[in-house]
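Okay, here we've got a single chain as structure tokens, the form predicted on its own, with questions on binding and movement later.
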């Protein structure tokens, strides 16, 4: 009897891929050269998207692929930590924002070609809403090289040439991002270790000038933060001058810089020539004169809801001026004056303000020398106030009796606010 011996004992007709599967596999294999996606039926399109490699060039995938599962794979393949909730639950937005941030943070002036940024703009411009730039690299300064015979000539020419810009120039980018709403930037270098030099953390005048012009060109910007960048009065004034009458700016944060009274006066001018809702100037060098300028602007302001002046040096003169501004201001909800070397005279002024102000909800006076008498004055003011829900008086040397009475007043205000909210539901 005759028999057939198969060359492949595991061969089975059931394992032969269908012509459709083979075609889809061919599309996947050659997707970079010939991207075919929108023409496919929904189930075939899903099959292709599940199997496309995350390493596809952005020139192919950026404007063609909108499927979130594909961009989720791209993010997880590149970064270990991926919290999509901070990106509006959009994996595609996360990918392009973090990708652009990485390019900016590794950009070396006069060494990195600006095309690396400009070529990416058409691909990502519609998906960028926020940029968190945590470092900016300075240009590479190579030591001069010259022959022994030319030493005298070259020595006279040293310093004649320098970098065209000191850090990344935001002017080439910001006006090309039509949906950018938030920019957080720090002029410094992360993880420099033993290579530490002060010039790695230098925010130069040219940097400030280019950044100011870039901010002015970005009309959609709502939040601007510049931290730990040695912003002094001169640089603060330059930045503020380009933000006057900005159509959309709502939050400004100059934390951990070197701003003094002159810079504070410029910020005060900005308060009433903008739509700012939140202003943070904590850990600077603002004294009484600067605080008085801010208070003068606050008394006439009708948009600001939060002001943070923590860790400055405004003293009692500045504290009293701000307390008097609270009597006239009808919009401020949150005021942080912690660590400002204030004492009993400020408590006197704040006590009067608490009686007449009915919009403030949060007041932070921690780490000030208010003393026992200052605590009693605040207690008196709180007994006539029904709007303040939080009042931080830690490390102020107020008496325990005053602390207890203030806590009781706050508790009563919180219960009243809760009942009011329930009645409105």
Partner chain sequence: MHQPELFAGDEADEPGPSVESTNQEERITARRIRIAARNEAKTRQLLGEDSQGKEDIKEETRKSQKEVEQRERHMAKLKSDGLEMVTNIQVAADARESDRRKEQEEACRLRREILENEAKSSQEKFEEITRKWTDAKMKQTPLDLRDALNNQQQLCEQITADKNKLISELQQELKASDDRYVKDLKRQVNDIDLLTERMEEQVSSLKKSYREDLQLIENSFDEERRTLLTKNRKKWEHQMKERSEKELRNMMKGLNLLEEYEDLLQKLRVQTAEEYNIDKISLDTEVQDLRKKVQQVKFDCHVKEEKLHYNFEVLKKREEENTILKSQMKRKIIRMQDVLNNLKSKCGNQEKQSKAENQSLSNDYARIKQQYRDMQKKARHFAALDAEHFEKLWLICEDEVKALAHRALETDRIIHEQQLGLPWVSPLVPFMERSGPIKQQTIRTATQTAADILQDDTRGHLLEESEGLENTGGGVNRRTVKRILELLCDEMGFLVESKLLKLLSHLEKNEQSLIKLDAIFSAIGIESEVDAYKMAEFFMNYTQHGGEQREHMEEEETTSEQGESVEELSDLIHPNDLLLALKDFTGQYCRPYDVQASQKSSVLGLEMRDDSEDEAYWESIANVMPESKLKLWSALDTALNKYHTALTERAELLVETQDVQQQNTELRQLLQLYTSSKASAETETQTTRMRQFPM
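Since this is a predicted model, take the numbers as computed values, not measurements. Residue numbers count along the first chain shown, from 1.
In what follows, reference is made to the form predicted together with its partner chain, a form of this protein that is not presented.
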| property | result |
| --- | --- |
| 4.5 Å heavy atom contact, residue 51 to its partner chain in the predicted bound form | no |
| 4.5 Å heavy atom contact, residue 422 and its partner chain in the predicted bound form | yes |
| Contact test in the predicted bound form: residue 367 vs its partner chain, heavy atoms, 4.5 Å | yes |
| Exercise: residue 216 in contact with its partner chain in the predicted bound form, heavy atom 4.5 Å | no |
| Which of 175-183, 279-287, 130-138, 241-249 sits within 4.5 Å of its partner chain in the predicted bound form, heavy atom basis | 279-287 |
| Contact residue in the predicted bound form, from 40, 60, 372, 395 (heavy atom within 4.5 Å of its partner chain) | 395 |
| Heavy atom within 4.5 Å of its partner chain in the predicted bound form - the one residue of 99, 310, 171, 72 that qualifies | 310 |
| Sequence-ordered list of residues in 228-256 near its partner chain in the predicted bound form, where near means a heavy atom within 4.5 Å | 228, 256 |
